[in-house]
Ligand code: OGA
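Coming up is one lone chain in structure tokens, specifically the form predicted on its own.
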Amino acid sequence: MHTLFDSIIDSYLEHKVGIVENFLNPSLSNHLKDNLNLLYIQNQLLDAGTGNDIEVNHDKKIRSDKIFWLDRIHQNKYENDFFDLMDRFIIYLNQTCYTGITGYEFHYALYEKGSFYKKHVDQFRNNKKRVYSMIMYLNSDWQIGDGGELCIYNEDDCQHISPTQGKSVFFKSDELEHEVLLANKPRMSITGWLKVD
């Protein structure tokens, strides 16, 4: 497991964007995808907005995905397995990079066909607790042409990242503008933030 953690950290230190394949193993990815699909069928997903509780906006011209917040209180085995993985990663990150991360928040994200999220940064103007952004993809059969790539802007360049199953992306929440390009088929992920108090 530490090899995966080292890989994403090394990638981040070299490129400002950490990327590693198989951060989520196939079994966990599939179970989490099944959870997300069931929540969608049960109409449990909410329209995503921008901003936070103090200032929230639901403009579908900016963001049109649907979300469901993960929480250990759900007592879902696979979500708790995911949280156990994140706990191990944060301990390792704090021990090796002295980041001081004290918590996190994650949600499922479903982009239906035709959905997108325009260019933005992840840190709120009125709250600086988000330090690192992390995305883990749940798309087992993603093909070129399916759309939904993550586009991360670094100066004038845009790095396109395909949302293939198990892949994780890691970057500073206040540094890099990014967007989710138009999805041509349903696109699933777990997205969240490593935080400080």
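Start at 1 with the first residue shown and count on from there. Bear in mind that the values here come from a model prediction, so they are computed numbers and not experimental data.
Separately, the form predicted in complex with the named molecule exists; it is not shown, and the next lines address it.
Remark: A183 does not count among the residues lining the named molecule in the model of the complex, judged by a heavy atom distance of 4.5 Å or less. Not displayed here, the named molecule is approached by Y117 to within 4.5 Å at the level of heavy atoms in the model of the complex.
Taking non-hydrogen atoms only, K167 never approaches the named molecule to within 4.5 angstroms in the model of the complex. Put simply, R63 is close to the named molecule in the model of the complex: some heavy atom of it is within 4.5 Å. The three marked residues, K33, D84 and F89, fail to reach the named molecule in the model of the complex, with no heavy atom of any inside 4.5 Å.
In the model of the complex, the named molecule lies within 4.5 angstroms of at least one heavy atom of each of the following residues of 158-197: H178, V180, R187, S189, T191, W193, in sequence order.
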